[in-house]
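Consider the single chain below, provided in structure tokens and representing the form predicted on its own.
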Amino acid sequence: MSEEKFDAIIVGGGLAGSTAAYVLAGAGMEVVVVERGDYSGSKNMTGGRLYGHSLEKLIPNFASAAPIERKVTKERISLMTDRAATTLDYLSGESAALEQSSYVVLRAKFDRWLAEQAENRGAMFIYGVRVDDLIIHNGKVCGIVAGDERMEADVVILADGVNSLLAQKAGLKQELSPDQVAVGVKEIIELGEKQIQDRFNLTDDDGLAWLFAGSCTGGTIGGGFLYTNRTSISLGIVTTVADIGFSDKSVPAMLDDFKNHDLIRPLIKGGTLTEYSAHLVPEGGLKSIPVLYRDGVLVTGDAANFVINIGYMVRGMDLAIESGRLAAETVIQAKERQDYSANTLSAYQKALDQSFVLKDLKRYRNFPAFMENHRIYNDYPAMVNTLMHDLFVVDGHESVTLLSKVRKSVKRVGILRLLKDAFKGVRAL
């Protein structure tokens, strides 16, 4: 490693880190990204959905060149019990504007592409290196330590993921509590392009985003997901670490049962498992966001816990890209002033406050607490599926009114509990 001093060092080559590098290099700054994987995305196991609006600002019509899998045109949400499922299915019949489009991506491919865009602008990437510590002089972060090597910079941007030990060492972040983080387990199952299109009723480049709640996580706080790639699917579950003990099932057992559910099993029949991975996911929302800056350092992306989960929608990639851009623009302003103090870098906080990142996190600040309700994952899936069963089954006995069928199903939970939970849910949203 070079002993020269850089304008900026970025730790982590994911979406936030590569975006920051892209912006800084475009401004003519000397920036180096240190990534512990063999390439950007090699350690990123997230498989899923990218809302394209934030990247569209930087690279207009990026999807025409980026390695996206499919454009999301179909949405599904399913409430599951062990033997049944009720699914809400939505097909977007309109062609969405670019800033409204979302895409299924495989991060190993997509992150690598985004890093290449930053490299093409002049950013330097160093791979296969783990950053062990920060260099701090008189309270200011001045660089990084990687093994026996030391690298100095005017500013360091931490984009090293949810379990950011460096942010903790900088005194910016506390170790996440079990209720603020979830474990995600994912498989990539190869089926072939024709099978994907036939089994999920897709055409051309259309894609499906499918979320699940209920028995897929053994009734624990969390959910399942399925995203259609070009020739494969990303299938998995996410469950809050604090709630794992609520079920007698292990997380791998939950995933196996999910795959063997009557709803899922026919869709993956004959598929080949090509990847199995697990990773941590920030789940705490606004209340878990750490201090985002101090003298000489900024925190972005998952390291800042910028993730929104509101049940029917899960977002993190667009927040990572936006926070990476805003961090870079703050550093550019700091260089113009030749001042990297916390006072100058506080512009990052102000920019985030004015952006959709913190506005949306503030809007949904009460939703993580609302989701800590086991009725959502146990009683309500059972209630809905019981109602659907009673609606469609004819057995020769005298029919009862629709109202009677609804009352029977609601009785499983209790009308007062149902109204109370509905009120809390509306307020949280």
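The structure presented is a predicted model; accordingly, all values stated were derived computationally and were not measured. Numbers for residues come from their place in the sequence shown, where the first is 1.
Not on display, but discussed next: the form predicted in complex with a small molecule.
Scanning 227, 212, 340, 110 against the small molecule in the model of the complex with a 4.5 Å heavy atom cut-off leaves one residue, 227. Exactly one listed residue, out of 289, 263, 202, 280, brings a non-hydrogen atom to within 4.5 Å of the small molecule in the model of the complex: 280. In the model of the complex, the small molecule sits within 4.5 Å of a heavy atom of residue 184.
Looking at residue 15, you'd find a heavy atom of it within 4.5 angstroms of the small molecule in the model of the complex. Looking at residue 218, you'd find every heavy atom of it more than 4.5 angstroms from the small molecule in the model of the complex. Although the partner is absent from this view, residue 161 contacts the small molecule in the model of the complex, with a non-hydrogen atom inside 4.5 angstroms.
None of 316-324, 240-248, 264-272, 192-200 except one has non-hydrogen atoms within 4.5 angstroms of the small molecule in the model of the complex; the exception is 316-324.
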